[in-house]
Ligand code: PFF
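Just one chain follows, in the form predicted alone, and it is written as structure tokens.
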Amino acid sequence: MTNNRESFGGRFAVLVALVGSAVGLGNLWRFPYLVGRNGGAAFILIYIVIALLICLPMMLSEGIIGRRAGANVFRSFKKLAPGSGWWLIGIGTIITTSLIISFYSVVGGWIIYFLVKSATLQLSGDATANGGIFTSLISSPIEPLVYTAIFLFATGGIISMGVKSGIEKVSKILMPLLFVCTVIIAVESLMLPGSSKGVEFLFKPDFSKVTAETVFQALGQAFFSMSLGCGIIITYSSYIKKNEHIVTTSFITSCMDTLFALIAGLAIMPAVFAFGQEPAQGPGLLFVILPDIFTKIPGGEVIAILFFIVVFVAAVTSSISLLEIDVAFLSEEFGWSRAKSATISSSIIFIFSVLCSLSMGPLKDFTIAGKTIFDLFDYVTANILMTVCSLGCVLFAGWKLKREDIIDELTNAGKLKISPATVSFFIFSIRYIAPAAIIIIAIFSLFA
């Protein structure tokens, strides 16, 4: 059923799609905060080393699996390891991404709501008032569901158009727009009086703040930021042509993801410090603190609109990659059209999104293991499912795939040169270093 599959049109298409999957809300509301709280430039240096030496080989291993199989994440393992139980990893990633997009779409709905509010000049110049707007929204039983549905089914609509006409075309438009808007906001933020304190927060190296926990947080941020362990890299790589250099593609993707996170930090933290706000992370930063700041900046109404466009684009490009896992599975395994697969998967996921949204309001007192449904989905995917799936992927690539198959993918069937030492390091990394890193993340996440 995987014959005549679509593929990305070229390297630029591959890059914008992969970078779009990697660049998400974590780059905006978590990375800048972690940088400042963990030694500034010292944290960035640790993050880059981890991204290149540990996470890049992990990304590359998933890329090799996807392109080698040329199929959805479930069939990739069935095809490369017939008659074995490795296909369970594929099922695990499908479950993982379905749960992630269930609560991610709720946040996407919040973003659309605030984009509308900013465009109609309804945001307040008071953080308390904005906090009230946000609280009123998430506690409402109906309004957030409307925006969640818009976000989720818009994502499904893009995917239903296909790999080239949908994912590729939209990514080619949205990703350059994302970077341009973010750079504009960063320039405006850096021009504010007192912004230098924000720059210092981000980039002044303070090695006294570097601890074992700092390394664990850098490892975890790099791991999740690069979309590892949820089938995205495998699925997108299955659309990469055999003449594309996946080593270069993976390297550029990881660099662009890090670059955007740093630019986002320059767009946010200088403004936060310029107006005497405390640096924060999470929804409070995006929906309460920053709207308050924007109303106090000359031309802030325009900046607010640009900012929520940035947040929306980051969210939607990530949601496209998440939903594509399900759509590729349904269309290839059941022979359904992409439109039918997108509609069915979006409809099923929306049911879980409703539960996630209501858990912030009418169902807030319903908890499982002390967590609301929204928080439970977040915890289970981030701390258990992604960890297990990523571990399965690197073990499969490191121990199940043949060395000659790995070399064949790295060299594009011998057309590219790669040193034996590089191959040996890559295999050693995915056999030993990456699994150890994943286990460390799991232990730290569960017991921190």
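Computed from a predicted model, the values in this text were never measured in an experiment. Start at 1 with the first residue shown and count on from there.
Just so it is clear, the following notes concern the form predicted together with the ligand, a form of the same protein that is not shown.
- Of the candidate stretches 82 to 90, 140 to 148, 221 to 229, 354 to 362, only 221 to 229 has residues whose heavy atoms lie within 4.5 Å of the ligand in the predicted complex.
- In the predicted complex, the ligand sits within 4.5 Å of a heavy atom belonging to residue 100.
- Residue contact check for residue 107: none of its heavy atoms lie within 4.5 Å of the ligand in the predicted complex.
- Using a 4.5 Å cutoff between non-hydrogen atoms, residue 313 does not count as a contact of the ligand in the predicted complex.
- Within 4.5 Å of any heavy atom of the ligand in the predicted complex lies no heavy atom of residue 238.
- Here the marked residues 130, 300 and 303 all miss the ligand in the predicted complex; none has a heavy atom within 4.5 angstroms.
- Among 392, 26, 70, 398, the residue placing a heavy atom within 4.5 Å of the ligand in the predicted complex is 26.
- A single residue from the set 341, 250, 318, 118 has any heavy atom within 4.5 angstroms of the ligand in the predicted complex; that residue is 318.
- Contacts of stretch 374 to 391 with the ligand in the predicted complex, defined by any heavy atom lying within 4.5 Å, are made by 386 alone.
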